[in-house]
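Form predicted alone, single chain, as structure tokens, below.
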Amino acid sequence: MGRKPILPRVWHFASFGAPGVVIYLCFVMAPILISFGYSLTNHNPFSPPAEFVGLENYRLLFQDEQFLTALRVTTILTVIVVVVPNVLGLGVAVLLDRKGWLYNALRSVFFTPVILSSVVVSIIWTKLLDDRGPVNDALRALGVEHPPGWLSDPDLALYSVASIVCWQMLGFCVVVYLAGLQGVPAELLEAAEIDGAGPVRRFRAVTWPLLAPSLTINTVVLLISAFKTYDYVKVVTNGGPGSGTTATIAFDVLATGLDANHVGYASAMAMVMLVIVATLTTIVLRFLRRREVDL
């Protein structure tokens, strides 16, 4: 039997794949390439023309204390946001993995923050954590004379911002883990119970290994979301209190590019951020997917 003509097959593939490829090239690859081009110049929209400086922006970047501080802040924020919602989300999902209208209602309650705008969430928590806000008023009512400055204390502000991000992302983790829990075959749990395994043993030997895909999804989504955190910082602390105590890399990129108009330098920061996120995501995916394969 002769092979089918290649032209119809190419046309068939192009008709389905071309729209996605064009969108990807226009809205993902093109901005990345343009940003990389800007990063090799000293481009400032209010001081034309731009001059080619090569890798000078990158060299200055790793000598810039402000950028290194932002990298440290982003790392701390990312570790907290990846670990805390994952752990709490798994615990809440296990508790809600039951039938009944009450558990269905609680699932909706936990997921509600996810659908809210991050700006709205930030404004709400800014009011709650204000020095004269409801949280500190409640602490004073309990006898605490000098409540913490959740957003005004440089030692606490970053952890307050991280807590807000964790609070909003918790519901996402709960839903993903619930989907994983409901996909665990009941016969495996029954077989383990017949063999004498208790609840903890059943969870560790049967349920947890089968939640590997859920762990992968949550970890990657949280990693990317935490590393590009900007809106929470902008609304809640505006990078303060003090000098850059909560300023993430994403916050510094926009502040440098839009406020200070140093587009070339900001583009170099954005490219470094892209490389870091891509590298971390690749490593995490490879590690977690290997765990899935080994099941």
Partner chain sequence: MTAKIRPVAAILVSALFAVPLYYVLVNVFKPGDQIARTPASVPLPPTPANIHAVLTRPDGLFWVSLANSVLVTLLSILVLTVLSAMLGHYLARSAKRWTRVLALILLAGLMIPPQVILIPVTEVLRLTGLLATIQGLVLFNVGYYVPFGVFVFTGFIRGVPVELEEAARLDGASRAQVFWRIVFPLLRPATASVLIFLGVWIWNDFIDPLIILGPSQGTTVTTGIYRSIGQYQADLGSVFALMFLATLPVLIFYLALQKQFVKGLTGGATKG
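Residue numbers count along the first chain shown, from 1. Here the structure is a predicted model, which means the values were calculated and not measured. For clarity, a rigid core is taken as the largest C-alpha set superposing within 1.5 Å between two forms.
Only in words, not in the display: the form predicted in complex with the partner chain, which the text now covers.
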Check V175 for me: does it contact the partner chain in the predicted complex (non-hydrogen atoms, 4.5 angstroms)?
yes
Looking in the predicted complex, any heavy atom of G54 within 4.5 Å of the partner chain?
no
Does R291 make contact with the partner chain in the predicted complex, using a 4.5 Å heavy atom cut-off?
no
Quick check on L170: any heavy atom within 4.5 Å of the partner chain in the predicted complex?
yes
Though the partner chain is not shown, can you say which of I217, L189, I76, A197 has a heavy atom within 4.5 Å of it in the predicted complex?
I217
Using a 4.5 Å heavy atom cut-off, which residue among L139, L106, A205, V83 comes into contact with the partner chain in the predicted complex?
L106
Of the residues spanning 245-259, the ones with some heavy atom within 4.5 Å of the partner chain in the predicted complex are A250, V253, L254, G257, L258
For A278, is the C-alpha shift between this form and the one not shown 2 Å or more after core superposition?
no
